[in-house]
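One chain comes next, on its own, written as structure tokens: the form predicted alone.
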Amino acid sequence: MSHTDAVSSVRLDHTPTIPLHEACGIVMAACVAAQPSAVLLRNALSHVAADDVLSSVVVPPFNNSGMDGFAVVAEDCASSSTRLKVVASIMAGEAASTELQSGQAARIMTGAPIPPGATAVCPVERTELDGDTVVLEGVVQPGDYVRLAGDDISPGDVVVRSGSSLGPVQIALLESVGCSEVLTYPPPRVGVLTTGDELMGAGEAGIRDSNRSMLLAALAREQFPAVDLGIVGDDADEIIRRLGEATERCDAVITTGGVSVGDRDVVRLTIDRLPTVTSQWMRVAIKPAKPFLFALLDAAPRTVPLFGLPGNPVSALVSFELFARPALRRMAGRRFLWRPLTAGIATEDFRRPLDGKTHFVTAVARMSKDQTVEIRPCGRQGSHRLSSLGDANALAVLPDGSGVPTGGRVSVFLLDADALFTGDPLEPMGFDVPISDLIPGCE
């Protein structure tokens, strides 16, 4: 180790820790939404609307049938049984050219235009054809099964609000009003680079690179385009070269490993050799994931945030969840940046020492049959124990202190909210209403 590195390590060893909220504030202040741009609707999935989108049309555009059946003059159908003459048949997509008179009916399909003179539709299930006449059973009221023009959307209605993530429903709404392109904040393209001589490539001996797979999958689940930047050993020049290339391809970069205080923590030791607008190495008052590096790489005329995460897998995940994920969501223009936070009852002790840090413990959160959230820790904890994440759907948040005893109240970030409502296959929760009672045949 060089004298410079030794001095740097000593100085970093004595760097004071900073509170979590302060570290988050530094990151979030630097990561802002990109400039919005127009994108074709067919390419807009997972983008975020940058402005309210207003309709200029009515939906549906004309009065149409809500059922397959017969269009009628409702006043003709005030008795329990009515016979009418069938004078027309109107399919969806056809024009309604025949005007109905009293005593007449028109066969009509769902979505087909209501013919002039008709005031209601009688469903086909309540009719019986008899030659060129139809017999209607039951009273028909004016407006029955008629969908009026503009019943869904009128001109000036907000179809999609600014800040809305564009999912299948929003795409359909925009299509329904004839919107072919939309102004959006594009999702950031994020590169993932893992570092360390101990990591092995395919067919090599060493530690498997699980972090890169985990983070690429996490980005894909967020619907952020991901760029696999591969593995690089503890080679400062190669790391600098890879990161320089990444700034040309990516809007943000995540690295894992090399950010602690060791003599071989190359990412931390070499970050200042890159063109940066700012960089800050932090010791955050949390466990795991205390070391964290944040930088804005200079890729003029823009900057590229770099999130330097620890190398231990649980630390990498916690650091991603607390810093990288909310910042990337902010860059994407999303309104909801953090995981859902809920609280429940500890079914086992959550022990921890008094050390001045906030602890994040991998946990299982389940909804009990009495609608109580029950939370337990996942086996043995440790920043290197990837297996502790296997069953986890939550991170328990333990403020500084002695922890939470069984029966106490504990708060959690939900990593997988869906799993909150599913029984543990090893410990069936015994919900009151099995799905087979609601949908016969489903188990």
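Counting begins at 1, following the sequence as shown. If you're wondering where the values come from, they're calculated on a predicted model, not measured in any experiment.
Absent from the display: the form predicted in complex with adenosine monophosphate. The rest refers to it.
Contact check at 4.5 Å (heavy atoms) against adenosine monophosphate in the model of the complex: all three of Glu198, Ile207 and Asp265 pass. Contact with adenosine monophosphate in the model of the complex, judged by any heavy atom within 4.5 Å, is made by just one of Gln170, Thr82, Thr303, Asn312: Asn312. Think of it this way: in the model of the complex, adenosine monophosphate has a heavy atom of just one of Thr362, Thr194, Thr184, Ser319 within 4.5 Å, and the residue is Thr194. Although the partner is absent here, Gly258 sits close enough that one of its heavy atoms falls within 4.5 Å of adenosine monophosphate in the model of the complex.
Of the candidate stretches 105 to 113, 280 to 288, 319 to 327, 304 to 312, only 304 to 312 has residues whose heavy atoms lie within 4.5 Å of adenosine monophosphate in the model of the complex. Counting a residue when any of its non-hydrogen atoms is within 4.5 Å of adenosine monophosphate in the model of the complex, there are no hits in 139 to 176.
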